[in-house]
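Below sits a lone chain in structure tokens, taken as the form predicted alone.
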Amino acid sequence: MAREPDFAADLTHPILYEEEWDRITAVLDAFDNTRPSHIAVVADPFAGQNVLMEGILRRHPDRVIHIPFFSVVKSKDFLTQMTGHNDIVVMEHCHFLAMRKIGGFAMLDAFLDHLSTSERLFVTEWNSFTWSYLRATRHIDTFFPVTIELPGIDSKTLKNLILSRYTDEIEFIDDAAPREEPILSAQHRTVKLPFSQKTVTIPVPHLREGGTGTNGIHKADPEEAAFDKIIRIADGNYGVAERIWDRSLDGKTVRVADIPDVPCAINLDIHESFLLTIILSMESVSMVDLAEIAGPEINLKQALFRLKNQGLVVEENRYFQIRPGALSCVKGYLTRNRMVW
């Protein structure tokens, strides 16, 4: 029944982040090696930034040097891969070039030194929280004239992306208790700021369509209710929403009441909060790298136990990452405590 979504089947024209894809291809097509407009793609974990990177690899197989990082970079060997005549360097997970510790910028500085004297065009991908930290501490944005911050998506876009996978009809059942919805409510929309390429998510007034049902109670459309609930829990993050959808789909049926909505409750000390910040900023980090960054003053095993026990972090093959369903909760907690911004 399921089939691959269009953006995965044809990466030369992804429908997820289509506007951002158009900006990237315009820069690639206008590349001038005397003044390269290096690109930074900045996104939250799970947002789907890999779609854009893979699209570049598919569109320019003969021009690209591809350098993905999978753990903290501790050697300058990656610089030796930039040889030959290929004029575009695509670097994924560049947040692994820096560590939040004394001496943690050595690899980042080596990369920026190389970029500053290179005639190639660099397309780099960064975790949004590491990017904000490096922008404040190292002015990283001054090296990348084109910064593309991936926006959150709305429920309508999610619905189009998800349902494009299927040829059979999906049944939606809203078996939650009927609720009275206000005629006027707020919905979140992503808009571009005037005279800027930056986007922000803002609440906009929404006038409910249609009349009320019996007893004055308005029942929302089950399909609309399902995607609204998923995008609210995911806070607009495509990858998180996709995971919630996969967990909610039972055969060919989605019941709104069964869409998992985990309550947000976090109780951490300062060491555990720091560790959570590192995991959020690096997306997927090994025990070895965590130990190096955390230092001897943090009991790593006990701190990770508490993070996992509160449903905030998951471990897979000895790598730790934020549990997708808890991403919005973790972001809110660390932002309120000024650990990330």
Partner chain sequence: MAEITNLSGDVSQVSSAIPDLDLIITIVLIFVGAYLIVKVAVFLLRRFSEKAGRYRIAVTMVIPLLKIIVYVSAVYFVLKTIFDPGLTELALFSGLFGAAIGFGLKDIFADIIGGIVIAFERPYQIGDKIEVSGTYGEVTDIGLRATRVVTPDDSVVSIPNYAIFQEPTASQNSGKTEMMVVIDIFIDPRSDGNLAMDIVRDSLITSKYVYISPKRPYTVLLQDFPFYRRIRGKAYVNDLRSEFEFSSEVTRRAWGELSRQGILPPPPARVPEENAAD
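Residue numbers count along the first chain shown, from 1. Given the structure is predicted, the values throughout are model-derived calculations rather than measurements.
This next part talks about the form predicted together with its partner chain, which is not shown.
Original post:
Taking the partner as it appears in the predicted bound form, which of 151 to 159, 116 to 124, 167 to 175, 99 to 107 has residues with heavy atoms within 4.5 Å of its partner chain?
Top reply: Contact-bearing stretch, as computed: 99 to 107.
Original post:
Using 4.5 Å between non-hydrogen atoms, is residue 133 touching its partner chain in the predicted bound form?
Top reply: Because a heavy atom of residue 133 falls inside 4.5 Å of its partner chain in the predicted bound form, the answer is yes.
Original post:
Just to confirm, residue 271 within 4.5 Å of its partner chain in the predicted bound form by heavy atoms?
Top reply: Yes, residue 271 is a contact residue.
**OP:** Indicate whether residue 75 is a 4.5 Å heavy atom neighbour of its partner chain in the predicted bound form.
**Re:** No, residue 75 stays farther than 4.5 Å from its partner chain in the predicted bound form.
Original post:
residue 142 near its partner chain in the predicted bound form, any heavy atom under 4.5 Å?
Top reply: Flag for residue 142 set to no.
Subject >> 16, 234 and 255 all contacting its partner chain in the predicted bound form, non-hydrogen atom within 4.5 Å >> reply: None of them does, since no heavy atom lies within 4.5 Å of the partner.
**OP:** Could you spot which one of 287, 298, 57, 27 gets a heavy atom to within 4.5 Å of its partner chain in the predicted bound form?
**Re:** After the contact test, the surviving option is 298.
**OP:** Sequence order please: the residues of 308 to 341 with a heavy atom within 4.5 Å of its partner chain in the predicted bound form.
**Re:** The stretch touches the partner through 335, 336, 337, 338, 339, 341.
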